[in-house]
Structures are given as structure tokens and as C-alpha cells.
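Single chain ahead, by itself, as C-alpha cells, in the form predicted on its own.
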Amino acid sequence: MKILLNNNDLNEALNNVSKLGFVPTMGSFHKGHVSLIKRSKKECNKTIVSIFVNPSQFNNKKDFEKYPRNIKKDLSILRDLKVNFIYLPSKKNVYHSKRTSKIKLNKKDQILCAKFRKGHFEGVIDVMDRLTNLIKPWKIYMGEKDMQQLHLVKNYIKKKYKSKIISCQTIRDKKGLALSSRNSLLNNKQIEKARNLTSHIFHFKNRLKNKKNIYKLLQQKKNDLKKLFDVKVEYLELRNANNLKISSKTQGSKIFIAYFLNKVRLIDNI
């Protein structure tokens, strides 16, 4: 396992490496990250994992500061997985050059998280553009839990690079809660509440099948969740899983949700 701390190390290590798999992360690993890495190792000749908490995708400075970090534990997990390369860049390494053109979202993409987190996805696309340009991977592995992020990055990367984005299934715990680094910011009682809310949404989606007035039912459910679980719900919407357009049918669609639980923002798509 080689730890690469700067771009010179990166270029030297990756010289003549073919069919390279890349797993971009912000660290604080859980089983979801592990599943991405294992899939890359299975499908690619070699695998590189980056750990970089990207400041440009945080629209709230306190959120950036509070984001969970555990580099010692992360490196231990990567050693056990026998990952070939770990890229631990500084901000200067990643943002060493200025952009020639500003990244802007289309109006149709200013939905869900983009509507509430101004500048977030522009920051995500920017860093993924920079990392892809530096690493030049064959395949990039990203999870479906952040489905809007996956959708936007995939559309951007395929227009500019030969690298292929591989979407990977959301990993959940035994009670159905989507694994997230942010879950570590919750106590046991709050985790249980998040699990119950997730289960509630699964059951609600099953009951939506063949129903009319889905938009109205979603608005009612949004209010119900506030009362039932004492959470602040940012959005609760049914959208097509392929193009993220508003949908009136559950088949081929997912319920997208973002909510705050004790000031911790959680997202999911079910």
C-alpha cells in the first residue's frame, strides 16, 4: 500500500498503471465505502482511494469543521483491504490551477439538495473534475445513496473524460438505515429514530402504488414526519431514478428525502 501525499508522488506511482479503479472519498469510512473499494479491486487491475474533505462543497463553514474525520482508522481499513494507492492531497495539491470557466448547474438541475445547498454540487463537480484529471482512472466508483450527486457527476465526467462512472448500490444496516459518515454524529437514540423514519418511508412508498394525487400525499407525509419524528424535513419528493424528473408513478422512481435530526442533515432515496 503506497500513501501518496502530493501530485509528484501521484504521477510517479501511477505511471504505466492500466485499468485503474478510483474511489473518491472524504474519509470516515463505513461499510458503504468498503463495498465500493471491494468492487473496484474485483473489476480493476489496481485501485486508488482518495481521502479529501473538500471545502468547496460545503455551503456552511461549521458543517465543514464538524464533518467526521478519522484518518488513523481509515488507513487501517485500507491496509486490511490491501488497497494499492491512497491519495491524501492537501487543498493546494487539488486546487493548484485556476478554472478557465466557472461550473454552473442548469436550471433543471437546481432541485433537491441543489435547491437548499447553494454551491454544493458546483463544488462536488469541480473537485471530481480536478481529481479525475490528476488520476486519469479507468473506472470511478460512487454510491447511489447520493443519487443526485452521482447523476450530476456522471453527466459531467462522460462529456470530458474517458473514465467511466460505476454506480454502486446503497449499503444499509440491518434495520434499513443508509450508511453515512454523518451517522457517527448521532447518538444511539437518534440513530434509532433515523431507522424508524427510514422504515416508515419504505412502508409509505409501498402504499403509494397505483395512488392518484401523489404530490398531495407527499406533502401530507412531509408534515406527518415532522410530528411523528420531531425532524425538520427539507424535501420529500417522488422522482424518476434515471433522470430525476418529478414522477407520478412509483415504478422506476424513488422517494428522495432530506431532513435534519439534531442539526445533522441526512439524505436518502428509497
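Quick note: we count residues from 1 along the sequence shown, nothing fancier. This is a predicted model, so every value here is computed, not measured.
Another form, the form predicted in complex with a small molecule, is not on view; read the next lines as being about it.
Visitor: Would you point out which of 92-100, 171-179, 190-198, 154-162 contains residues with a non-hydrogen atom within 4.5 Å of the small molecule in the predicted complex?
Guide: Every other range fails; the passing one is 171-179.
Visitor: 145, 130, 139, 117: which sits within 4.5 Å of the small molecule in the predicted complex by any heavy atom?
Guide: After the contact test, the surviving option is 145.
Visitor: Answer for residue 208 alone: is it within 4.5 Å of the small molecule in the predicted complex, judged on heavy atom distances?
Guide: Heavy-atom contact with the small molecule at 4.5 Å: absent for residue 208.
Visitor: With a 4.5 Å heavy atom cut-off, would you call residue 30 a contact of the small molecule in the predicted complex?
Guide: Yes, residue 30 lies within 4.5 Å of the small molecule in the predicted complex.
Visitor: Check whether residue 26 has any heavy atom within 4.5 Å of a heavy atom of the small molecule in the predicted complex, and answer yes or no.
Guide: Flag for residue 26 set to yes.
Visitor: Using a 4.5 angstroms cut-off on non-hydrogen atoms, would residue 67 count as touching the small molecule in the predicted complex?
Guide: Close contact exists here: in the predicted complex, residue 67 approaches the small molecule to within 4.5 Å, heavy atoms only.
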